[in-house]
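In structure tokens, the next block holds one chain alone, the form predicted on its own.
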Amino acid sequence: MEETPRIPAKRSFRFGNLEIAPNVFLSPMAGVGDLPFRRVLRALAGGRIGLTVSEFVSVEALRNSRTRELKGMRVGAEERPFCLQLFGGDPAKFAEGVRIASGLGFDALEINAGCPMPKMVRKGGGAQLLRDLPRLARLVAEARRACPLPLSLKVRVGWADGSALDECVRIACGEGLDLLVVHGRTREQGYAGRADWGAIARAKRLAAELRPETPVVGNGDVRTVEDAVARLEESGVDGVSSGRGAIHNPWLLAQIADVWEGKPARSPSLEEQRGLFDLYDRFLEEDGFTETGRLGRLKLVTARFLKALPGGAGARVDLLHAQTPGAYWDLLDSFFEERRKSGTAGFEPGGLEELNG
């Protein structure tokens, strides 16, 4: 890494009775942000992650005890504070799910009103709530009454444009929510294009007028330590979260924690880069994944991590086509050995101009 980035004035915030420090954390990502991957990021950061947010869990799964769907609720012993993210579209059923979840030992709960996934939208949850703001208001009100824990709302700026965002801020502040998280894209954008940090800044200003004690966290295009600092300072938000940026660079949260402590952001050695895959594989195995299942998850991370490494493009294609675990590990070892021989062992993630999450 180059010289130490400047340190932002704001490096923590209050989420109800919780102190969130550092104020940059991992965004929940379906199919990626599970317990093994979160364990990897926490290990790399030496535990210095201010908040852990689960993959989304259906309130219907909670109400009906659907065991397979509830796997995302599992909490690592070191994952505190831990926020459980819930989705659903029916206000009464959502409140029932909140009451159940509130008694299960989590530190906080989050309402998902931003996920663009079609399967969630079809069920009336996630970003679909942005098309029916009166229903969103009822759902938030019911959830707030049912929840004794710190409660947050995660939204996008809107469905097709940013017209829903101001009302979302009014709903969150009017119901006394403890945190508002804003992803700076519309549902129609998905993860394409640039996040609208001007809209996020506007949401923060409005929240500060309506209810100063409700912090606002921004999400979108946080790929580097410098990005995190710039987003905090330019938008005035209380915190930021990163999703895809942390897959391209699993040391991102560790580097942010370093800088927040006034130290240079450490750059992992070639051996540490290679060890990342062994660490993830071990955590997947401990979580009960079969060898074939582990290969699938390893490929998912490989697809993004190697894209951000010098010379990774060609090896990435070969690794994604590996048919057996043995072939995968042989190819991976060959890639890192070639990097060692060629002197490209440094870690300066590039190619992130295509990253939009």
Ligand SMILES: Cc1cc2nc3c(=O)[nH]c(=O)nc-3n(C[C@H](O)[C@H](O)[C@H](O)COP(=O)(O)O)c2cc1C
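Note that residue numbering begins at 1 and tracks the sequence as displayed. Here the structure is a predicted model, which is why all the values come from computation and not from measurement.
In what follows, reference is made to the form predicted together with the named molecule, a form of this protein that is not presented.
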The one residue among 214, 249, 186, 219 placing a heavy atom within 4.5 Å of the named molecule in the predicted bound form is 219
Name the residue from 308, 315, 61, 29 that puts a heavy atom within 4.5 Å of the named molecule in the predicted bound form.
-> 29
Interface segment, criterion being heavy atoms within 4.5 Å of the named molecule in the predicted bound form, picked from 254 to 262, 165 to 173, 239 to 247, 101 to 109 = 239 to 247
Contact check for 85, 154 and 191 against the named molecule in the predicted bound form, heavy atom at 4.5 Å | yes
Any of the heavy atoms of residue 37 lying within 4.5 Å of the named molecule in the predicted bound form?
-> no
